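Below you will find one chain, with nothing else, as C-alpha coordinates; this is the form predicted on its own, and questions on how it binds or moves follow later.
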Amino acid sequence: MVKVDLSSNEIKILKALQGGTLSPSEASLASGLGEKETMSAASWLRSKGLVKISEKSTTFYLTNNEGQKYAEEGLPERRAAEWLNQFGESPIEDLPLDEGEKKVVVGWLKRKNFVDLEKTEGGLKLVPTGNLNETPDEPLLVLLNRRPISEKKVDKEGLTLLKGRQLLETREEITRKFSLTPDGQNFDLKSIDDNLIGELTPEMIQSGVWKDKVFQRYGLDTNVEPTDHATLHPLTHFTEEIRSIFLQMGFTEIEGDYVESAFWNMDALFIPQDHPARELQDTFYLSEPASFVINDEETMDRVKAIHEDGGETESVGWGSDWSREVAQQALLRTHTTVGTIRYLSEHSEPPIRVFSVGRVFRREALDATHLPEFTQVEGIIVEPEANFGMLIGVLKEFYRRMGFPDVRVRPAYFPYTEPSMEVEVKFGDSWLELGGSGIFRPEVTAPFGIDCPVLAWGLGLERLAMLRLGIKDIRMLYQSDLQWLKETI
(Lines give C-alpha, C1' and ligand atoms only; values in the text may rest on other atoms or scores of the structure.)
Protein backbone atom coordinates (compact mmCIF):
# COMPACT_ATOMS: atom_id res chain seq x y z
CA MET A 1 0.00 0.00 0.00
CA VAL A 2 1.27 3.46 -0.90
CA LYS A 3 1.78 5.81 2.05
CA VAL A 4 1.71 9.50 1.02
CA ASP A 5 0.30 12.77 2.25
CA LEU A 6 -2.47 14.25 0.15
CA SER A 7 -4.13 17.67 0.13
CA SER A 8 -7.91 17.99 0.27
CA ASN A 9 -8.01 18.83 -3.48
CA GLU A 10 -5.88 15.81 -4.32
CA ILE A 11 -8.22 13.59 -2.30
CA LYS A 12 -11.22 14.92 -4.23
CA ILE A 13 -9.57 14.19 -7.58
CA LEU A 14 -8.47 10.74 -6.44
CA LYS A 15 -12.05 9.93 -5.39
CA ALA A 16 -13.43 11.29 -8.69
CA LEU A 17 -11.12 9.02 -10.69
CA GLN A 18 -12.25 5.88 -8.88
CA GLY A 19 -15.00 5.64 -11.48
CA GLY A 20 -12.60 5.63 -14.45
CA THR A 21 -10.75 7.90 -16.86
CA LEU A 22 -11.90 11.53 -17.01
CA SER A 23 -11.07 14.66 -18.97
CA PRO A 24 -10.08 17.78 -16.98
CA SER A 25 -13.58 19.27 -17.35
CA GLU A 26 -15.21 15.98 -16.29
CA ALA A 27 -12.87 15.68 -13.31
CA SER A 28 -13.68 19.28 -12.41
CA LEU A 29 -17.42 18.55 -12.36
CA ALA A 30 -16.99 15.29 -10.45
CA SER A 31 -14.75 16.84 -7.78
CA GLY A 32 -16.47 20.21 -7.49
CA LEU A 33 -13.17 22.03 -8.12
CA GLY A 34 -12.38 24.70 -10.65
CA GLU A 35 -10.45 23.65 -13.76
CA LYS A 36 -7.24 25.32 -12.61
CA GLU A 37 -7.43 23.64 -9.19
CA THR A 38 -8.22 20.34 -10.93
CA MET A 39 -5.14 20.56 -13.16
CA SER A 40 -2.94 21.53 -10.23
CA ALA A 41 -4.17 18.66 -8.03
CA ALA A 42 -3.82 16.14 -10.89
CA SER A 43 -0.27 17.33 -11.54
CA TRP A 44 0.64 16.82 -7.89
CA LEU A 45 -0.93 13.36 -7.95
CA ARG A 46 1.11 12.51 -11.05
CA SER A 47 4.31 13.56 -9.27
CA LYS A 48 3.32 11.23 -6.41
CA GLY A 49 2.77 8.32 -8.80
CA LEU A 50 -0.98 8.03 -8.25
CA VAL A 51 -2.37 9.57 -11.45
CA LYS A 52 -1.41 9.32 -15.11
CA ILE A 53 -2.04 12.30 -17.41
CA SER A 54 -2.14 11.42 -21.10
CA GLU A 55 -1.98 14.16 -23.75
CA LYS A 56 -2.98 14.10 -27.40
CA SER A 57 -2.20 16.91 -29.81
CA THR A 58 -4.36 17.59 -32.87
CA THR A 59 -3.51 20.06 -35.64
CA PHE A 60 -6.35 22.09 -37.15
CA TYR A 61 -6.11 24.08 -40.40
CA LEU A 62 -7.89 27.39 -41.01
CA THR A 63 -7.52 30.35 -43.37
CA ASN A 64 -5.33 33.37 -42.61
CA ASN A 65 -6.23 36.89 -43.78
CA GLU A 66 -5.10 36.29 -47.36
CA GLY A 67 -6.82 32.90 -47.45
CA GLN A 68 -10.04 34.50 -46.23
CA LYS A 69 -9.83 37.03 -49.06
CA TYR A 70 -9.41 34.32 -51.73
CA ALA A 71 -12.13 32.15 -50.19
CA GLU A 72 -14.56 35.04 -50.71
CA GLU A 73 -13.25 36.42 -54.03
CA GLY A 74 -11.89 33.25 -55.64
CA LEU A 75 -8.28 32.24 -56.25
CA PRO A 76 -6.38 34.45 -58.74
CA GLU A 77 -6.09 31.67 -61.34
CA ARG A 78 -9.85 31.01 -61.15
CA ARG A 79 -10.69 34.68 -61.74
CA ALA A 80 -8.05 34.91 -64.50
CA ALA A 81 -9.28 31.72 -66.24
CA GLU A 82 -12.90 32.89 -66.24
CA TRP A 83 -11.86 36.29 -67.61
CA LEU A 84 -9.75 34.67 -70.37
CA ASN A 85 -12.57 32.35 -71.37
CA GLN A 86 -14.85 35.37 -71.69
CA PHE A 87 -12.49 37.79 -73.48
CA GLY A 88 -10.02 35.44 -75.20
CA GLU A 89 -6.23 35.16 -75.26
CA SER A 90 -4.32 37.97 -73.58
CA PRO A 91 -0.89 39.08 -72.35
CA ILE A 92 -0.27 38.74 -68.63
CA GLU A 93 -0.30 42.53 -68.13
CA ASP A 94 -3.97 42.79 -69.16
CA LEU A 95 -5.31 40.37 -66.56
CA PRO A 96 -7.70 42.06 -64.07
CA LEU A 97 -5.46 41.17 -61.11
CA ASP A 98 -3.21 43.21 -58.83
CA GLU A 99 0.54 43.20 -59.42
CA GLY A 100 1.28 40.68 -56.68
CA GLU A 101 -1.24 38.21 -58.09
CA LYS A 102 0.13 38.58 -61.63
CA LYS A 103 3.56 37.45 -60.42
CA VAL A 104 2.27 34.03 -59.33
CA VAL A 105 -0.84 33.40 -61.38
CA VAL A 106 0.85 32.11 -64.56
CA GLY A 107 2.34 29.08 -62.82
CA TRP A 108 -1.01 28.15 -61.30
CA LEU A 109 -2.89 28.69 -64.55
CA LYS A 110 -0.51 26.29 -66.28
CA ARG A 111 -0.45 23.79 -63.42
CA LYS A 112 -4.24 23.54 -63.42
CA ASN A 113 -4.39 23.34 -67.24
CA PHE A 114 -6.43 26.52 -67.50
CA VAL A 115 -4.18 28.04 -70.19
CA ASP A 116 -1.49 27.31 -72.75
CA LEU A 117 1.45 29.69 -73.09
CA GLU A 118 2.30 31.24 -76.43
CA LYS A 119 5.52 33.16 -77.01
CA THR A 120 5.14 36.34 -79.10
CA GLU A 121 7.41 39.26 -79.93
CA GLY A 122 5.64 41.29 -77.27
CA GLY A 123 6.10 38.61 -74.62
CA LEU A 124 4.09 35.67 -73.26
CA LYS A 125 0.45 35.36 -74.25
CA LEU A 126 -2.09 33.35 -72.25
CA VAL A 127 -4.37 31.17 -74.40
CA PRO A 128 -7.40 29.66 -72.56
CA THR A 129 -7.78 25.89 -72.90
CA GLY A 130 -11.51 25.99 -72.19
CA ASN A 131 -10.98 23.91 -69.05
CA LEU A 132 -12.69 25.47 -66.01
CA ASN A 133 -12.96 22.34 -63.86
CA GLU A 134 -12.87 22.98 -60.12
CA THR A 135 -9.68 21.81 -58.38
CA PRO A 136 -9.65 20.30 -54.84
CA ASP A 137 -8.07 23.36 -53.23
CA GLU A 138 -11.00 25.64 -54.09
CA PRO A 139 -13.83 23.95 -52.09
CA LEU A 140 -11.36 23.20 -49.29
CA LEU A 141 -10.43 26.87 -48.99
CA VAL A 142 -14.11 27.78 -48.66
CA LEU A 143 -14.63 25.11 -45.98
CA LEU A 144 -11.57 26.19 -43.98
CA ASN A 145 -12.82 29.76 -44.07
CA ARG A 146 -16.02 28.63 -42.36
CA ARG A 147 -14.47 26.49 -39.65
CA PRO A 148 -11.15 24.84 -38.71
CA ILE A 149 -10.73 21.22 -39.86
CA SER A 150 -8.43 18.69 -38.21
CA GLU A 151 -5.52 17.21 -40.14
CA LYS A 152 -7.17 13.78 -40.09
CA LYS A 153 -10.36 15.00 -41.78
CA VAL A 154 -8.94 17.54 -44.24
CA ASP A 155 -8.74 16.68 -47.94
CA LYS A 156 -5.09 15.77 -48.54
CA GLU A 157 -4.95 16.70 -52.23
CA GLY A 158 -6.49 20.12 -51.65
CA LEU A 159 -4.27 20.70 -48.62
CA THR A 160 -1.15 19.93 -50.67
CA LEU A 161 -2.12 22.63 -53.17
CA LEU A 162 -2.88 25.22 -50.47
CA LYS A 163 0.05 24.60 -48.15
CA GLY A 164 2.69 26.08 -50.42
CA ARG A 165 0.67 29.27 -51.02
CA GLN A 166 0.77 30.58 -47.44
CA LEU A 167 -3.01 30.94 -47.31
CA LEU A 168 -3.47 28.82 -44.19
CA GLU A 169 -2.49 28.85 -40.57
CA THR A 170 -2.50 26.02 -38.06
CA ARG A 171 -3.82 25.72 -34.54
CA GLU A 172 -2.78 23.05 -32.09
CA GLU A 173 -5.35 21.65 -29.65
CA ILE A 174 -4.26 19.40 -26.80
CA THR A 175 -6.72 17.02 -25.13
CA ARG A 176 -5.85 15.53 -21.75
CA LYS A 177 -7.15 12.50 -19.87
CA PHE A 178 -6.68 11.62 -16.20
CA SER A 179 -6.54 8.00 -15.05
CA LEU A 180 -5.31 6.17 -11.96
CA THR A 181 -1.98 4.37 -11.98
CA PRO A 182 -1.79 0.89 -10.34
CA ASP A 183 -0.63 2.64 -7.13
CA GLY A 184 -3.58 5.02 -7.41
CA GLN A 185 -6.01 2.14 -7.84
CA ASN A 186 -4.57 0.40 -4.77
CA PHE A 187 -4.56 3.55 -2.66
CA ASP A 188 -6.60 3.13 0.54
CA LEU A 189 -8.67 6.29 0.82
CA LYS A 190 -9.93 5.11 4.21
CA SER A 191 -6.42 5.48 5.61
CA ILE A 192 -6.34 9.22 4.90
CA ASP A 193 -6.20 11.37 8.01
CA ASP A 194 -9.16 13.76 7.88
CA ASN A 195 -7.26 16.13 10.14
CA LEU A 196 -4.48 16.54 7.54
CA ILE A 197 -4.40 20.08 6.13
CA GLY A 198 -2.16 21.67 3.53
CA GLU A 199 -3.06 25.32 4.01
CA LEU A 200 -3.26 27.41 7.16
CA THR A 201 -5.98 30.06 6.92
CA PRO A 202 -6.64 33.16 9.10
CA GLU A 203 -9.90 31.56 10.23
CA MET A 204 -8.02 28.49 11.54
CA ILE A 205 -5.66 30.70 13.50
CA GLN A 206 -8.48 32.80 14.99
CA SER A 207 -10.59 29.79 15.99
CA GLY A 208 -7.67 27.67 17.14
CA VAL A 209 -8.83 24.58 15.21
CA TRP A 210 -5.34 24.22 13.71
CA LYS A 211 -4.19 22.80 17.06
CA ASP A 212 -6.10 19.57 16.37
CA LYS A 213 -4.86 19.24 12.77
CA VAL A 214 -1.88 17.49 11.21
CA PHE A 215 -0.03 19.47 8.54
CA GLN A 216 0.83 17.96 5.19
CA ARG A 217 4.55 17.55 4.63
CA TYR A 218 6.28 19.73 2.05
CA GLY A 219 7.57 17.97 -1.05
CA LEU A 220 10.78 19.86 -1.73
CA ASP A 221 11.63 17.81 -4.82
CA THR A 222 8.30 18.46 -6.58
CA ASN A 223 8.08 20.87 -9.51
CA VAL A 224 5.79 23.81 -8.83
CA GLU A 225 3.44 25.08 -11.54
CA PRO A 226 4.85 28.35 -12.96
CA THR A 227 2.83 31.47 -12.30
CA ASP A 228 2.27 34.06 -15.03
CA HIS A 229 3.15 37.59 -14.05
CA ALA A 230 2.94 40.99 -15.70
CA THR A 231 6.12 42.35 -17.27
CA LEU A 232 7.35 44.53 -20.10
CA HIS A 233 7.07 43.28 -23.68
CA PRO A 234 10.49 41.94 -24.85
CA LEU A 235 10.78 44.71 -27.45
CA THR A 236 9.96 47.39 -24.86
CA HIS A 237 12.51 45.90 -22.49
CA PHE A 238 15.09 45.85 -25.29
CA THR A 239 14.35 49.49 -26.18
CA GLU A 240 14.82 50.56 -22.57
CA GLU A 241 18.16 48.73 -22.52
CA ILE A 242 19.33 50.74 -25.55
CA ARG A 243 18.20 54.00 -23.94
CA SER A 244 20.07 53.09 -20.77
CA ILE A 245 23.30 52.41 -22.66
CA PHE A 246 23.26 55.76 -24.46
CA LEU A 247 22.43 57.62 -21.25
CA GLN A 248 25.33 55.88 -19.51
CA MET A 249 27.61 56.96 -22.38
CA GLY A 250 26.74 60.62 -21.77
CA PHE A 251 24.05 61.17 -24.40
CA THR A 252 20.78 63.10 -24.01
CA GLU A 253 17.56 61.79 -25.55
CA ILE A 254 15.53 63.93 -27.98
CA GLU A 255 12.16 63.35 -29.64
CA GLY A 256 10.41 64.42 -32.83
CA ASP A 257 7.08 64.31 -34.66
CA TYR A 258 5.92 61.55 -36.99
CA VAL A 259 4.52 64.02 -39.52
CA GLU A 260 7.13 66.23 -41.18
CA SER A 261 7.78 68.32 -44.25
CA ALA A 262 9.96 67.09 -47.09
CA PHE A 263 12.16 70.12 -46.37
CA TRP A 264 13.30 68.85 -42.96
CA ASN A 265 13.05 65.16 -43.86
CA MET A 266 15.09 65.43 -47.08
CA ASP A 267 16.07 68.88 -48.36
CA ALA A 268 17.86 69.93 -45.18
CA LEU A 269 19.85 66.69 -45.41
CA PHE A 270 21.01 67.47 -48.96
CA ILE A 271 18.87 64.74 -50.52
CA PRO A 272 18.17 65.89 -54.11
CA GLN A 273 14.57 66.56 -55.04
CA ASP A 274 14.74 63.94 -57.81
CA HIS A 275 16.14 61.25 -55.49
CA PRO A 276 14.32 57.86 -55.83
CA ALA A 277 13.61 57.80 -52.07
CA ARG A 278 11.18 60.70 -52.57
CA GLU A 279 8.94 58.72 -54.92
CA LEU A 280 5.54 57.44 -53.83
CA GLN A 281 6.95 53.89 -53.90
CA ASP A 282 9.24 54.71 -50.98
CA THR A 283 7.57 57.52 -49.00
CA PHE A 284 4.14 57.96 -47.43
CA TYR A 285 2.90 61.40 -48.53
CA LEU A 286 -0.14 62.87 -46.80
CA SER A 287 -3.31 64.25 -48.34
CA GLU A 288 -4.45 66.07 -45.18
CA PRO A 289 -2.45 68.19 -44.63
CA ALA A 290 -0.87 67.99 -48.07
CA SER A 291 1.81 70.58 -47.30
CA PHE A 292 3.37 72.78 -44.63
CA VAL A 293 4.13 76.48 -44.73
CA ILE A 294 7.76 76.88 -43.68
CA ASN A 295 8.34 80.33 -42.24
CA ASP A 296 12.13 80.18 -41.85
CA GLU A 297 12.88 81.97 -45.12
CA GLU A 298 16.55 82.49 -44.32
CA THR A 299 17.22 78.80 -43.77
CA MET A 300 15.19 77.85 -46.84
CA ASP A 301 17.19 80.27 -48.99
CA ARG A 302 20.50 78.81 -47.76
CA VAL A 303 19.32 75.24 -48.40
CA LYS A 304 18.01 76.26 -51.84
CA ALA A 305 21.36 77.80 -52.78
CA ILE A 306 23.29 74.73 -51.64
CA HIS A 307 21.05 72.41 -53.68
CA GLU A 308 21.33 74.50 -56.83
CA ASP A 309 25.01 75.52 -56.89
CA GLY A 310 26.61 74.72 -53.51
CA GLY A 311 25.95 78.13 -51.98
CA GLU A 312 28.85 79.35 -49.86
CA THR A 313 30.35 75.87 -49.53
CA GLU A 314 32.94 74.39 -51.89
CA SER A 315 30.26 72.05 -53.27
CA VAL A 316 28.70 72.50 -56.70
CA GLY A 317 25.30 71.33 -55.40
CA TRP A 318 22.99 69.23 -57.53
CA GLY A 319 22.90 71.65 -60.45
CA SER A 320 19.11 71.70 -60.80
CA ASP A 321 16.30 74.07 -59.88
CA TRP A 322 15.03 73.71 -56.34
CA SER A 323 11.25 73.71 -55.78
CA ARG A 324 9.66 75.25 -52.68
CA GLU A 325 6.42 73.31 -53.39
CA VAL A 326 8.26 69.98 -53.33
CA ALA A 327 10.04 70.95 -50.10
CA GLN A 328 6.77 71.82 -48.36
CA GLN A 329 5.07 68.46 -49.06
CA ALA A 330 3.77 66.72 -45.93
CA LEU A 331 4.86 63.15 -45.23
CA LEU A 332 5.45 60.54 -42.56
CA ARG A 333 9.10 60.73 -41.56
CA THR A 334 11.29 58.12 -43.23
CA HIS A 335 14.07 58.34 -40.62
CA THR A 336 14.73 59.90 -37.22
CA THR A 337 17.55 62.01 -38.68
CA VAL A 338 14.86 64.61 -39.38
CA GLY A 339 14.61 65.15 -35.62
CA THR A 340 18.38 65.38 -35.37
CA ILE A 341 18.70 68.09 -38.04
CA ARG A 342 15.87 70.05 -36.44
CA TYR A 343 17.68 69.88 -33.12
CA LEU A 344 20.92 71.09 -34.72
CA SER A 345 19.09 74.00 -36.33
CA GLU A 346 18.24 75.22 -32.82
CA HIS A 347 21.38 74.03 -30.96
CA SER A 348 24.45 74.60 -33.09
CA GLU A 349 27.04 75.17 -30.37
CA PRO A 350 29.22 72.18 -29.41
CA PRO A 351 29.61 69.95 -27.52
CA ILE A 352 26.47 67.99 -28.44
CA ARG A 353 25.73 64.33 -27.78
CA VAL A 354 22.10 63.36 -28.41
CA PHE A 355 20.20 60.24 -29.47
CA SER A 356 16.62 59.32 -30.31
CA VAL A 357 14.55 56.14 -30.52
CA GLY A 358 11.44 56.52 -32.63
CA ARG A 359 9.06 55.18 -35.25
CA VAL A 360 9.74 55.74 -38.95
CA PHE A 361 7.64 54.86 -41.99
CA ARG A 362 8.56 53.57 -45.45
CA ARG A 363 6.72 51.79 -48.24
CA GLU A 364 8.35 48.43 -47.57
CA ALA A 365 6.89 45.06 -48.52
CA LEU A 366 5.84 43.19 -45.40
CA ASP A 367 7.99 40.05 -45.05
CA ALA A 368 10.26 38.24 -42.59
CA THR A 369 12.88 41.04 -42.55
CA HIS A 370 10.95 44.21 -43.50
CA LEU A 371 8.16 46.28 -41.98
CA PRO A 372 6.50 49.45 -43.35
CA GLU A 373 6.62 50.85 -39.83
CA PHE A 374 9.68 50.22 -37.69
CA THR A 375 11.89 51.75 -35.01
CA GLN A 376 15.14 53.57 -35.70
CA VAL A 377 17.87 54.43 -33.23
CA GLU A 378 19.68 57.64 -34.15
CA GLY A 379 22.64 59.43 -32.59
CA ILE A 380 25.04 62.34 -33.24
CA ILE A 381 28.18 63.80 -31.70
CA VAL A 382 29.23 67.41 -32.38
CA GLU A 383 32.70 68.26 -31.07
CA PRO A 384 35.67 70.24 -32.45
CA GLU A 385 37.98 67.19 -32.32
CA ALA A 386 35.43 64.63 -33.50
CA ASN A 387 36.69 62.33 -36.26
CA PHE A 388 35.99 59.05 -38.04
CA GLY A 389 38.02 57.06 -35.53
CA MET A 390 35.90 58.41 -32.68
CA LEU A 391 32.74 57.37 -34.54
CA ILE A 392 34.04 53.81 -34.95
CA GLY A 393 35.02 53.68 -31.29
CA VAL A 394 31.64 54.89 -30.03
CA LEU A 395 29.73 52.39 -32.17
CA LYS A 396 31.99 49.50 -31.17
CA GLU A 397 31.45 50.38 -27.51
CA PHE A 398 27.66 50.55 -27.99
CA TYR A 399 27.50 47.15 -29.69
CA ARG A 400 29.86 45.66 -27.11
CA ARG A 401 27.47 46.71 -24.35
CA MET A 402 24.63 45.18 -26.38
CA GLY A 403 26.45 41.84 -26.34
CA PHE A 404 28.23 41.93 -29.72
CA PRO A 405 32.01 42.15 -29.08
CA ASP A 406 32.97 41.48 -32.74
CA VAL A 407 32.27 44.58 -34.84
CA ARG A 408 33.63 45.63 -38.22
CA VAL A 409 32.91 48.49 -40.66
CA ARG A 410 32.99 48.83 -44.42
CA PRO A 411 32.67 51.81 -46.78
CA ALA A 412 29.19 52.85 -47.88
CA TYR A 413 27.31 55.70 -49.56
CA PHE A 414 24.62 57.90 -48.01
CA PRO A 415 23.43 61.23 -49.46
CA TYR A 416 24.10 63.29 -46.34
CA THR A 417 27.33 61.81 -44.90
CA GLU A 418 30.87 61.64 -46.27
CA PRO A 419 32.81 59.58 -45.45
CA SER A 420 30.16 56.93 -44.75
CA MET A 421 30.25 53.37 -43.48
CA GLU A 422 28.04 50.44 -42.62
CA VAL A 423 28.48 48.63 -39.31
CA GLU A 424 28.43 44.85 -39.14
CA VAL A 425 28.42 42.54 -36.11
CA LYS A 426 29.37 38.90 -35.98
CA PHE A 427 26.53 36.58 -35.13
CA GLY A 428 27.43 32.91 -35.14
CA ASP A 429 29.57 32.38 -38.21
CA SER A 430 28.08 35.28 -40.19
CA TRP A 431 28.58 39.05 -40.39
CA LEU A 432 25.31 40.97 -40.34
CA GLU A 433 24.83 44.62 -41.37
CA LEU A 434 22.91 46.59 -38.73
CA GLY A 435 23.13 50.26 -39.64
CA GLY A 436 24.71 53.17 -41.47
CA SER A 437 26.88 55.99 -40.18
CA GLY A 438 29.25 58.75 -41.22
CA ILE A 439 30.14 62.43 -40.88
CA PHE A 440 27.57 65.00 -42.02
CA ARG A 441 28.56 66.68 -45.28
CA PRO A 442 29.26 70.45 -45.22
CA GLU A 443 26.15 70.92 -47.38
CA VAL A 444 24.10 69.63 -44.41
CA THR A 445 25.75 71.61 -41.61
CA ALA A 446 26.52 74.89 -43.42
CA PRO A 447 22.92 76.30 -43.40
CA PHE A 448 22.98 76.17 -39.60
CA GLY A 449 26.42 77.67 -39.10
CA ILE A 450 27.98 74.47 -37.71
CA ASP A 451 31.75 74.37 -38.20
CA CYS A 452 32.53 71.26 -36.12
CA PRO A 453 32.39 67.71 -37.46
CA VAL A 454 29.04 66.00 -36.85
CA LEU A 455 29.28 62.24 -36.33
CA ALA A 456 25.98 60.50 -37.10
CA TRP A 457 24.59 56.98 -37.17
CA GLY A 458 21.29 55.14 -37.43
CA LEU A 459 20.30 51.53 -36.91
CA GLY A 460 17.12 49.45 -37.05
CA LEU A 461 16.05 48.44 -33.57
CA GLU A 462 13.93 45.46 -34.66
CA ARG A 463 16.74 43.87 -36.64
CA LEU A 464 19.04 44.11 -33.63
CA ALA A 465 16.28 42.70 -31.41
CA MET A 466 15.88 39.72 -33.76
CA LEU A 467 19.52 38.77 -33.13
CA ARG A 468 19.26 39.17 -29.38
CA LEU A 469 15.96 37.29 -29.09
CA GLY A 470 16.89 34.56 -31.58
CA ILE A 471 13.97 34.98 -33.99
CA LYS A 472 14.06 34.84 -37.79
CA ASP A 473 10.80 36.62 -38.62
CA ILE A 474 10.57 40.31 -37.69
CA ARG A 475 6.76 40.08 -37.58
CA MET A 476 7.01 37.89 -34.48
CA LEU A 477 7.93 41.01 -32.48
CA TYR A 478 4.42 42.41 -33.01
CA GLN A 479 2.30 39.27 -32.81
CA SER A 480 0.38 38.35 -29.66
CA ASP A 481 1.93 34.90 -29.30
CA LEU A 482 1.43 34.37 -25.56
CA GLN A 483 3.56 31.24 -25.44
CA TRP A 484 6.51 33.06 -27.06
CA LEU A 485 6.04 36.05 -24.76
CA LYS A 486 6.04 33.82 -21.67
CA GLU A 487 9.17 32.04 -22.80
CA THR A 488 10.99 35.26 -23.75
CA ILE A 489 10.41 37.45 -20.67
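From 1 onward, residues are counted along the sequence shown. Being a predicted model, the structure only gives us computed values, none of them experimental.
What comes next is about the form predicted in complex with a small molecule, which is not displayed.
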> With the small molecule left out of view, which of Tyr70, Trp44, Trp457, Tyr61 would have a heavy atom within 4.5 Å of it in the predicted complex?
Replying inline: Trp457
> If you check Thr417, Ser261, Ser356, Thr375 against the small molecule in the predicted complex, which one has a heavy atom within 4.5 Å?
Replying inline: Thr417
> Which of 49-57, 432-440, 22-30, 62-70 has heavy atoms within 4.5 Å of the small molecule in the predicted complex?
Replying inline: 432-440
> Do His335 and the small molecule share at least one heavy atom pair within 4.5 Å in the predicted complex?
Replying inline: yes
> Would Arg362 show up as a contact with the small molecule in the predicted complex if we use heavy atoms at 4.5 Å?
Replying inline: yes
